[in-house]
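A single chain comes next, written as structure tokens; it is the form predicted alone.
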Amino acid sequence: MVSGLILSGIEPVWVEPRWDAERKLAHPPSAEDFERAFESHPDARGAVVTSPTPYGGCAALRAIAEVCHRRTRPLIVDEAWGAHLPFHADLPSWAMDAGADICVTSIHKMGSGLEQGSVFHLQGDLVPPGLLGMRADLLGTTSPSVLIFAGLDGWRRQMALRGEELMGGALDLAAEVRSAIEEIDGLHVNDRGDFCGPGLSDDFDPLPGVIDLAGLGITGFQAADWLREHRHIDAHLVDHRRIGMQITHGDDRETTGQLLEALSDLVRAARDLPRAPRVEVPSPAGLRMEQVVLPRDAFFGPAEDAPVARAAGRIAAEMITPYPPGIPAVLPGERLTEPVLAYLRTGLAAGMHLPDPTDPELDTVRVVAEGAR
């Protein structure tokens, strides 16, 4: 989405997520948040929301769609983690059933597609199909992979015939795994009670098993590194205090048994791991930086590298994104602040992966050149 802002030159209006200050993570904005944003910016051309988040938090899509459609504006849903949602009644509503105009679904995440296998879903008359096709063709290859298309079609057929059965099995298995992890000392799996409620998410996908490690005194980075090195298990989500272990229709008791054994071994190993490096996670207010230049202008305009120790107050000319989960902490055109820079520096020292800054060591930050504005 940020790349789209850079390429198109659109002026973004940011709708603040709902912050869980205790757990230090973000949930999707509410319908009321979008209502206020449209009232403050009546010329806004549409809305985009991510649901589910990589943590499993889901937005009230039907209510958000109603806010948009009352103004004849389209709702676009980034449903990268929601390929499985249409196929079982116990899962949150998928975007099309909730009235979204477009949703983008990554079949390669929660489905059976190959990497890069993603699809647009389109309905209603607010976005002409021909127009969407033209826009997609700007970025699509002229040599598409038949393997990716075959994977998409194979997934479609599989779920049309057996979707409810497969998702029901995954839900039952996830419930077993969640209960088993809760029995392991020092581990807690975030559930609906943790993520849903006033000021939090509106719904919850139980398949992302987000495990809080605060009871072990180690970071998610340490845990993920240990599991990869010693048990050949990759976490799908890693942050300063959590790891995520995604359960899908491709899992069975053999794979989840390996996971539970590895987690038990991790708990024993945690006693001997080095003291967890401290990640300076800002307050919710400290994470928000002022957008002072259009993302396109900052990204493509004159820029220079500034020492990170003197970058506060400068205007970013690049994205800086902790990954996973792949949610940018810095956007082109934002005025950098010391709390965000300290978060990134301490996170990098603790094992955070930053794939997109021009200086991967973050000794410098690419900023708008002095006087360029």
Ligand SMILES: Cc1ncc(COP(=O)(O)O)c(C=O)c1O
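As the structure is a computational prediction, the values presented were derived from the model and not from experiment. So that there is no doubt, residue numbering starts at 1 and follows the sequence shown.
Another form, the form predicted together with the named molecule, is not on view; read the next lines as being about it.
Between 308-316, 31-39, 47-55, 339-347, the stretch whose residues reach within 4.5 angstroms of the named molecule in the predicted bound form through a non-hydrogen atom is 47-55. Using a 4.5 Å cutoff between non-hydrogen atoms, V189 does not count as a contact of the named molecule in the predicted bound form.
Among heavy atoms of R178, none comes within 4.5 Å of the named molecule in the predicted bound form. Proximity of A80 to the named molecule in the predicted bound form falls within the 4.5 Å heavy atom cutoff.
In the predicted bound form, the named molecule sits within 4.5 Å of a heavy atom belonging to S106.
Between the named molecule and the residues Q246, S118, T256, Q158, the one pair within 4.5 Å by heavy atoms in the predicted bound form involves S118.
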